[in-house]
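A single chain comes next, written as structure tokens; it is the form predicted on its own.
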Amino acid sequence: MNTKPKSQYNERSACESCGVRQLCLPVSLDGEALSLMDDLVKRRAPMKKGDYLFRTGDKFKSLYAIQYGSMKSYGLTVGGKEQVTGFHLTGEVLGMDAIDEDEHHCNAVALEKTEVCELPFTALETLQNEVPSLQRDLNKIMSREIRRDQHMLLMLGSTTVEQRMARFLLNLYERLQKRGASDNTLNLSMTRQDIGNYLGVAFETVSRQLAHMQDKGILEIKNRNIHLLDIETLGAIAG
């Protein structure tokens, strides 16, 4: 779902040369402040599909910005079933839900080869004293996460299955466009089952809805690649 990964892993991250830094932290830093952030950020070893970044109950230590790849977050219902709570793309930040109680309340797992930058939270708080604009950046990211959660609740509470699917595809499209996607193709790293779980429908329903939209000329399906042919109509369905 993302641009081509770098071929070489370095433990240190260079925020100044990072192609997605305007999408995560730091948003407004430059000059000396950016150098200070470089000293703080750590690049973790690349993750393979199925590797966990953190699990429910893990102690909160850091925020994580996805430099390349994608992840899903999920929790468990009272009955012990998996409930997908989000899909996270390049440039997005994970871990903010754990700040309040100092432990993670969901699991985060890689959907494909993924690389993340780790931002130790204690060091981040210290840096805020030297770089006041950093707090504003954190607030913006928190606001974005709250907005996404609200969108999810509204989508599940008062929409048809077709609207849910349209909004899901449109949301992915808009997020990928912000990341410099050059065309209207969505390379889905998540399974139909994960999408259905997230939208509150059976995975067979996801397949039927996609096939229906293809028949209407809204999109074209090629394995996990979905090429959006009529974004205007997709938006009309989404409402």
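Because the structure is a prediction, the values reported are computed rather than measured. Counting begins at 1, following the sequence as shown.
FYI, the form predicted together with the DNA isn't displayed, but the following is about it.
Taking 42, 192, 178, 61 one by one, only a single residue has any non-hydrogen atom within 4.5 Å of the DNA in the model of the complex, and it is 192. You can rule out all but one of 53-61, 179-187, 201-209, 166-174: in the model of the complex, only 201-209 has residues with a heavy atom within 4.5 Å of the DNA. Using a 4.5 Å cutoff between non-hydrogen atoms, residue 224 counts as a contact of the DNA in the model of the complex.
For the chain shown alone, residue 161 is a contact residue for the DNA in the model of the complex, at least one non-hydrogen atom being within 4.5 angstroms.
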